Ligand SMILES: Nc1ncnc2c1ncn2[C@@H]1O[C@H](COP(=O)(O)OP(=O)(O)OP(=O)(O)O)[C@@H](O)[C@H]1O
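Given next, in structure tokens, is a single chain: the form predicted on its own.
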């Protein structure tokens, strides 16, 4: 039985009895996951490789649907409805629940067009509005000063840390309610990592954030809540400080003290 904190705040997402099975697999990769995700907070998911944390993260905006044959069961409630409903509009869902991947993936186009891309898909064509929102997103992603004089340049000319901040600008430009971060600093140097962590903390005032990280120190630095996963199960979810100092589950304690990993 998992140890799950009773979150008092409003929830951005609520997972209930959620199973996920990859195509052709005999057993589910995620088993009976139940957890609340607090609104305007940062929830970190930690655990050893292969424990299911990225599989869970990608379920929150149905990324697994890009590969047919995967199977969901249970509920992931967002804005009062179950997003696992087969009739869910996935393009609209991924606008409201955006994702930042482990490796920065700038589109092969200009810096400006990278940020404007999602807004144009939403039907925004007014040049003044596009200009204003591109500038705001780049400022919010703490990269405007570095790129304001080269918005028409190829985005792939940016450094890794700059490309990751550009990807964050692209995601927040469409004004999502939730942002999913899949090990967003694992390919970055320590200075770029520090910048991304600072940015994530600043963003929680306007979006709810879920971050998968293999780095327990990072989870301790940035998150309000931490969930520990092991072999497809959610073992414990609690306030980050309490989970790292006084975990309720023996398995959690063994993991954070380095007895396995």
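Numbering follows the first chain given and starts at 1. Predicted, not measured: the structure shown is a model, and the values here were computed from it.
Separately, the form predicted together with the named molecule exists; it is not shown, and the next lines address it.
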item: Pocket open vs blocked [the named molecule transferred in the model of the complex by site C-alpha superposition; 2.4 Å, backbone or C-beta, 3 atoms]; value: open
item: Stretch in contact in the model of the complex with the named molecule, which is absent here, among 32 to 40, 53 to 61, 218 to 226, 202 to 210 (heavy atoms within 4.5 Å); value: 53 to 61
item: Complete contact of 22, 183 and 214 with the named molecule in the model of the complex (any heavy atom, 4.5 Å); value: yes
